[in-house]
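Before any questions on how it binds or moves, here is one chain, the form predicted on its own, in structure tokens.
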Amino acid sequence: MTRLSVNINKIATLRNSRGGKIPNVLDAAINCQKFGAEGITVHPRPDERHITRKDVYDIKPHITTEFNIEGYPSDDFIKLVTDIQADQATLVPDEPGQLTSDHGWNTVKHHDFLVDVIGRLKAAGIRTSIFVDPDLHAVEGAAKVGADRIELYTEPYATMYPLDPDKAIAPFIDSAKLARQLNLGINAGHDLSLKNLKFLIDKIPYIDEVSIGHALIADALYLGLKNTIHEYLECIQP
């Protein structure tokens, strides 16, 4: 079954816009789990414009499900992830000031770098996932560098979905099938929402985990966090 990991970055963005502790990021993590989320995702960036390093340390003792930390695998990031003993590290090829993740790794070009990073994380007992575009070469490269999973970058799917759902999902189905043949786990994330999530899961029912933040937190403004999480869980039920 597909698991839902809630990315709480946007909670931290709102808090940081005013300063102080409202809304409280730790309370958000605790409540997301209480309301049925099966994981918590954070993506600390070097400028700490949303989740801070302190947040990551504060949240960890309260994780009762799974803690997924996303980020560019700098030495600082690897130290943070290993100090925390995250359940999963999701490696993204972001520039330091990048607004949001907008592409996957070229796993062929960065083969040696990723082998080194993944080796360090695996030595610490941390599952690794590599953010990739729906590209067969990238998926093959992820297997060759020793990743445990891929995370399919789903923004192109979300953009095309309203126009042609079958065309939108096609490259993701092909990439997921190859990943499965290569014994890679499959995660997915970016711009997934209540509008497009169920179709994705129906077409690729063996996705291990979806990580959703922006749309879910936006929906929670209208529906409430508890109701929103329940609606997303309904989308991924078989």
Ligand SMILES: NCC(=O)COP(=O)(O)O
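Numbers for residues come from their place in the sequence shown, where the first is 1. The structure presented is a predicted model; accordingly, all values stated were derived computationally and were not measured.
Not pictured, yet referred to below: the form predicted in complex with the named molecule.
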request  = Heavy atoms, 4.5 Å, the named molecule in the model of the complex: which of 173-181, 187-195, 57-65, 29-37 makes the cut? Say which one.
outcome  = 187-195
query = Taking the shortest heavy atom distance, is T2 within 4.5 Å of the named molecule in the model of the complex?
reply = no
inquiry  = With the partner left out here, check for me: in the model of the complex, does some heavy atom of R15 sit within 4.5 Å of the named molecule?
reply    = no
message = With the partner left out here, which residues of 147-166 have a non-hydrogen atom within 4.5 Å of the named molecule in the model of the complex?
response = E151
